[in-house]
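Just the one chain here, laid out as structure tokens, in the form predicted alone.
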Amino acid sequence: MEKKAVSTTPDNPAAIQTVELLQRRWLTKNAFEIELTRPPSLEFKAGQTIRFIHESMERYYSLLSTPDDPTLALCVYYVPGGSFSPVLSDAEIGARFSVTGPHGYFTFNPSERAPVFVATGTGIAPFVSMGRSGVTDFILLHEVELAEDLYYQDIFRKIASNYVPCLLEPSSDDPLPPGTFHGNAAGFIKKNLPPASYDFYLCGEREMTREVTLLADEHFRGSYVFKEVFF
């Protein structure tokens, strides 16, 4: 892939910069967190992404970090045999990667409407950044397969007005987290969210974003919807 020489400044998100892998922490067998050095000129807002460039591959990841953190942190879903996540899972500490950023407009904008954050899997990442940056008093729905996939729930139980784990496959062998809803996030919204106008922030799989957007249009008139969709 041809790379053009560009100026490395905060105003140029296309500038290619180098980061170094500092550490890696497995959250579950299918997800891990990595910490990277932060280029001095990389400034971002909570909720934005960075783009990795590795050989012929490019991938965008939402930042877990706050804009004031000295390092960058990401939550990565591991896909066995995948084209990119194994690169990050197997890289040695000290490995260097090319990145650009920040990218995207999925940032929190306060309004008179109550915020509802909805995530699937590692789509929780931008909400971690927002929460760590001082956003509070939101409803958060985290849709996952199993209770072990509820990354960062300790953070949200402290700052969310309502934190709802939405489990698609609850296990009878493990105790369920408090407030668990058996089903997807759209199901909870349809059954339990009081009628009102909300700001819906959706990050994750296309099916979730489609279902919640339709619900917002049909049942929560006057609501706004902001999306970050996984492809």
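None of these values were measured; they are calculated from a predicted model. Sequential numbering from 1, following the sequence displayed.
The following text describes the form predicted together with a small molecule, which does not appear among the structures shown.
Proximity of residue 59 to the small molecule in the predicted complex: non-hydrogen atoms within 4.5 Å are present. Shown alone here, residue 122 lies within 4.5 Å of the small molecule in the predicted complex, counting heavy atoms only. Among residues of the shown chain, residue 153 is not one whose heavy atoms approach the small molecule to within 4.5 Å in the predicted complex.
At a distance threshold of 4.5 angstroms between non-hydrogen atoms, residue 75 is in contact with the small molecule in the predicted complex.
Residues of just one listed stretch (109-117, 94-102, 76-84, 153-161) have heavy atoms within 4.5 Å of the small molecule in the predicted complex: 76-84.
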